[in-house]
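Here's a solo chain for you in structure tokens, the form predicted on its own.
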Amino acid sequence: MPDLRLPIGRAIAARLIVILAVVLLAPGVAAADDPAIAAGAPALVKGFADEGVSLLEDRSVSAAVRAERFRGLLRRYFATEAIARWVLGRYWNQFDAAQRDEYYRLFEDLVVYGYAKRFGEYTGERLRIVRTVLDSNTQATVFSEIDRPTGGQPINVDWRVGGRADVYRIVDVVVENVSLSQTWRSDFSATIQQSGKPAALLDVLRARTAQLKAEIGAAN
């Protein structure tokens, strides 16, 4: 069975926790035909970062409380439903309405409780926005680097942001050329293929999210 123990699968999970750890931001914007999204994309990343670092540094609340606060960040800054549907791919049409609703809920829980379990790993990493490139009239990529407090090569993190009319959301995060959404999509597809039925993914997600909630002391 594919590794669904981490919210993004495989070894990049440990690295992705530091995408929240943003303190110094120096955005630069490449030449673009649409100044709104060219400015809106790095502003969105900065907003998420500012709230995220406050969450990481607040040690006065339990892991369960911080998990719910992170859920609020996820809903405000990420296109969670669109990501979840894309990750499911062609199997989306094989789910009925009730299964889709449960899948959305489980997908969000997997992200929320998976990261909540790792909030204690933050050790002062810093992220710098390097540049923003317009991909289309409705999407831009914000390129950034995470500097490690212990030295070493920075980690490259790219944020893909989509939207229009001043409403923007993060649609993917790419760490060292590995797409978060693509990793999930591959893992979920492999789980379904091994079982031979899409509903088996829901069973796996139920079990994993229940385990994660128990590990951080969240109520069922």
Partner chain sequence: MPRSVRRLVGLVVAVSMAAAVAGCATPPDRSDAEAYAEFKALNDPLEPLNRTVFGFNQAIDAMFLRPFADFYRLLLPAPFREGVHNILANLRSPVILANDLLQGEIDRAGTTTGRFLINSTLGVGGLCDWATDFGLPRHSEDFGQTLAVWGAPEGPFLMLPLIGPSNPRDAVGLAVDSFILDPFGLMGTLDMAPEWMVTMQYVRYGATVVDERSQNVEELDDLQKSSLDFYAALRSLYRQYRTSEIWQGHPPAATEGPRFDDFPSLPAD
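If you're wondering where the values come from, they're calculated on a predicted model, not measured in any experiment. Numbering follows the first chain given and starts at 1.
This protein has a second form, the form predicted together with its partner chain, left out of what is shown; the following refers to that one.
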item	value
Site test, Arg100, Leu127 and Ser144 vs its partner chain in the predicted bound form, non-hydrogen atom cutoff 4.5 Å	no
Interface membership of Ile83, its partner chain in the predicted bound form, 4.5 Å heavy atom rule	yes
Any non-hydrogen atom of Asn177 within 4.5 angstroms of its partner chain in the predicted bound form	yes
Partner contact for Gly52 in the predicted bound form: its partner chain, 4.5 angstroms, heavy atom	no
Proximity of Ser62 to its partner chain in the predicted bound form, heavy atoms at 4.5 Å	no
Residues within stretch 66-81 having a non-hydrogen atom within 4.5 Å of its partner chain in the predicted bound form	Ala79
